[in-house]
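This document opens with one chain alone, in structure tokens, the form predicted on its own.
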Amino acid sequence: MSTALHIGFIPLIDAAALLVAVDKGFTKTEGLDVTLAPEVSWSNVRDKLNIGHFDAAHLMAPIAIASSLGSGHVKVPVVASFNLGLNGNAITVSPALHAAILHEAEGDPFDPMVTALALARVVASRRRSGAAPLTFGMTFPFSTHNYQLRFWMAAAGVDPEEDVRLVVLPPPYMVDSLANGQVDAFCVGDPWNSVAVDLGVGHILNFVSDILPRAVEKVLAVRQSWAERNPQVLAALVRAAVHAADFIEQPENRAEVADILAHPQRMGVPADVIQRALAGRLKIAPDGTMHEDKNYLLVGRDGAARPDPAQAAWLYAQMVRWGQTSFSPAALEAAMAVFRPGLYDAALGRRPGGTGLAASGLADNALADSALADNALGELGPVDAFAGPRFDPRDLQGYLTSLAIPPRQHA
């Protein structure tokens, strides 16, 4: 007898492992009967997961952390035992802003420091002339897009709180907002960057993989209480997602994957747009200019699917930096404990003691598998960036105080 699950997602390419797991039958093989529910906004996904309308969800990694900490909303501890994707975002700008940035750029226009410094000069020029601040769209206050935009700007001295406006827009509304002049730029995942380019209303300025080579993006999230009650079901869901990620990462399967994702009930965009993102070779300008990065979107290869608590620590650091929460060692530990590599390993039979949550410590203590434990520090992966001080989760306060734009005071 199969187990029925209701899972929410946003129509983005980094939901691919979840969508393919269902549509190719990997979930059915694991004894799961999954109903996928498309949503427009991340707040909808978060709220429906939190109150139990969804058993699991395609969720932005920072939302899982914020929910677990009770930052910006009610506190509902969330577990992430599978990364749906690393990277996959881009910064897209209007033709007018693109021309202004290129006019000010001194060096390689694909270098994020070159574009950030050019943006700083554009911002200064607009201030002198009395023009309104530039408006950048991002998907949610607790989002990778918000933090990646801020990190990029701040590296060149642009203060995202003072020098520009950041506004929240659901991903499917980004392109229309750019076309209508309501925003000058946005940061979002594909297919929406590519759609803007194909419509002639935007230029992709930078891939986020050029800013942060390995940036966790979306996770397969479940409530901690649900995970404790359903360890075998969670393990089965992880296994199905792993099989799907392996399928997606095979180049010979890209056309089939793109057709699956292009379906009107999934993303409803042309399959060739999806294939570009999967291959990491995107059209970045309406004139057909292409830019390629093999790490543009990592779905499963190179260890991308296994949660890394260091990535959670970096996201928590951004929350502290921009005044969304205050720093405490306990909160850092709780943030890192959202990402559960032990559950991922257990689901695949890589840890002794079975596939249940007790094998990874979650059933006994939500923080027992914390990556802050001395024996786990060596497992943390690097969180590199194109600029700024070296990030070390063991010295988060040192990292924050060494940033050019210091942390904001949490209200």
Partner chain sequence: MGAEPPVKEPSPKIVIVDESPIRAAILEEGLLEAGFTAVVHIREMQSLLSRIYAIDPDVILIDLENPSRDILEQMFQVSRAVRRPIAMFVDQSDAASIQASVDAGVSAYIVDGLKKERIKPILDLCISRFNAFAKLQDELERAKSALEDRKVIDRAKGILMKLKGLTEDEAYVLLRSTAMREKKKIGEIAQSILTASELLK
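Residue numbers count along the first chain shown, from 1. Keep in mind it's a predicted model, so treat the numbers as computed, not measured.
What follows is about the form predicted together with its partner chain, which we do not show.
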TODO: Decide if the three candidate residues 141, 166 and 173 all line its partner chain in the predicted complex, where lining means a heavy atom within 4.5 Å.
DONE: yes
TODO: With heavy atoms only and a cut-off of 4.5 Å, decide whether residue 40 touches its partner chain in the predicted complex.
DONE: yes
TODO: Give a yes or no for residue 324: in the predicted complex, does one of its heavy atoms lie within 4.5 Å of a heavy atom belonging to its partner chain?
DONE: yes
Task: its partner chain contact at residue 53 in the predicted complex, heavy atom, 4.5 Å - done: yes
TODO: Evaluate residue 161 for contact with its partner chain in the predicted complex, applying a 4.5 angstroms cut-off between non-hydrogen atoms, and reply yes or no.
DONE: yes
- [ ] Specify the contacting stretch among 210-218, 69-77, 240-248, 188-196, defined as having any heavy atom within 4.5 Å of its partner chain in the predicted complex.
- [x] 69-77
Open item on the list: Between 182, 265, 289, 225, only one gets a heavy atom within 4.5 angstroms of its partner chain in the predicted complex; which residue is that?
Closed with: 182
